[in-house]
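Single chain ahead, by itself, as structure tokens, in the form predicted alone.
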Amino acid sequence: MKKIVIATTAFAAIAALTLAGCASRAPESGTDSTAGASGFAADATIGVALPDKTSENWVLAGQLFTDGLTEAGFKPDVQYAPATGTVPEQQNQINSMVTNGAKVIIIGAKDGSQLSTQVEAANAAGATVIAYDRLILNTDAVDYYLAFDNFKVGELQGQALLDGLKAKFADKAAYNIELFSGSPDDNNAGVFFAGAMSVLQPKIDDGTLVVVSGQTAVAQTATQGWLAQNAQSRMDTLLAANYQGVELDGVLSPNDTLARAIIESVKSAGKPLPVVTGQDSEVESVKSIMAGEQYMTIYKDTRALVAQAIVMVQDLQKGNAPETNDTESYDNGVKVVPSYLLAPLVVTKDTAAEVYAGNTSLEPLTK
């Protein structure tokens, strides 16, 4: 069992831990936490604090929480931090939820390293805190963590990049690539990158993969704010400095928004499209995959994640400890947080119809 230790220097710490050769994680069942032992009223207020709406999945999550919690009989208080000043505003929103008597506060953190004071106040007021999608760091006041298996996401992206390179460039023995990671204030970005590098680093070491720019450190690959313009600007610079007369074969992109920005940069430079990874199954990227541009994405069904969060709230309301399936992996710097992890799925042009079957928004795009 590999423990994922997450701290304020999450990128470097996780990458170092992973590349040191830690063993693969395997979720374990358990219900260690005693949170929710007393239960609460069936019509209680449930707070949901989400980051800004830069991703389709965050927008969808807010609506799903509002509808699902209402249908379950609760009073939802769903709030987004604005696009600027997000951390202080999210801190204020959580404080407001505590003041208003929320019995459970579900937090998709903008910056998980800056919320310890707020979650400790929530805990002191008797509220249960569920870290949603992003772990909250450096406090023992986080009761549960609910997410897709984000290290696995990175592993899948890394393997997909290798598979895509072999399929597209069958005549090559070595491939030129570049690496991108997410925002340094999002601890998930470090987990994604570490998972991917657990697959890619051995191939970099043996010469199968060549990072032409030499930029493999997290500080070099990070994309502040997960902003498309930052990724496109960096890709522009990388192409101008390193790919005059040199072919770019592949790019590790941690999500779809950045993948599309990277592809736009390559197109603008008049170069052939490389194999580009992604994540989130955003509509425009699914279209791009079906058009043969972006190579792959990861499907993390937001509907399933929100539904599981609501199940956890219902368990807590009844005075029961919610189910967890990993009680060893996610150390936030103070405690190992009992976690419930869902499985992510790889999507390529060949598998999209099968993976998205039943999703009324995405399945039609695969026809």
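Start at 1 and count along the sequence shown; that's the residue number. Keep in mind that what you see is a predicted model, and the values were worked out from it rather than measured.
Not pictured, yet referred to below: the form predicted together with beta-D-glucopyranose (BGC).
Visitor: Judged by heavy atoms and a 4.5 Å cut-off, are 55, 186 and 280 together in contact with beta-D-glucopyranose (BGC) in the predicted bound form?
Guide: Affirmative, all three are within 4.5 Å.
Visitor: Of 144, 175, 226, 80, which one comes within 4.5 Å of beta-D-glucopyranose (BGC) in the predicted bound form, counting heavy atoms only?
Guide: Here the answer is residue option 226.
Visitor: Just one of 155, 111, 149, 133 has a heavy atom within 4.5 Å of beta-D-glucopyranose (BGC) in the predicted bound form. Which one?
Guide: Checked against the cut-off, the match is 133.
Visitor: Want to guess which of 38-46, 306-314, 57-65, 326-334 is within 4.5 Å of beta-D-glucopyranose (BGC) in the predicted bound form, heavy atoms only?
Guide: In short, 57-65.
Visitor: Evaluate residue 285 for contact with beta-D-glucopyranose (BGC) in the predicted bound form, applying a 4.5 angstroms cut-off between non-hydrogen atoms, and reply yes or no.
Guide: The answer is no: residue 285 has no heavy atom within 4.5 Å of beta-D-glucopyranose (BGC).
Visitor: Taking heavy atoms only, is residue 294 within 4.5 angstroms of beta-D-glucopyranose (BGC) in the predicted bound form?
Guide: Heavy-atom contact with beta-D-glucopyranose (BGC) at 4.5 Å: absent for residue 294.
Visitor: Can you check whether residue 255 is within 4.5 Å of beta-D-glucopyranose (BGC) in the predicted bound form, heavy atom basis?
Guide: Yes.
Visitor: Even though the partner isn't displayed, in the predicted bound form is residue 193 close enough to beta-D-glucopyranose (BGC), meaning a heavy atom within 4.5 Å?
Guide: The answer is no: residue 193 has no heavy atom within 4.5 Å of beta-D-glucopyranose (BGC).
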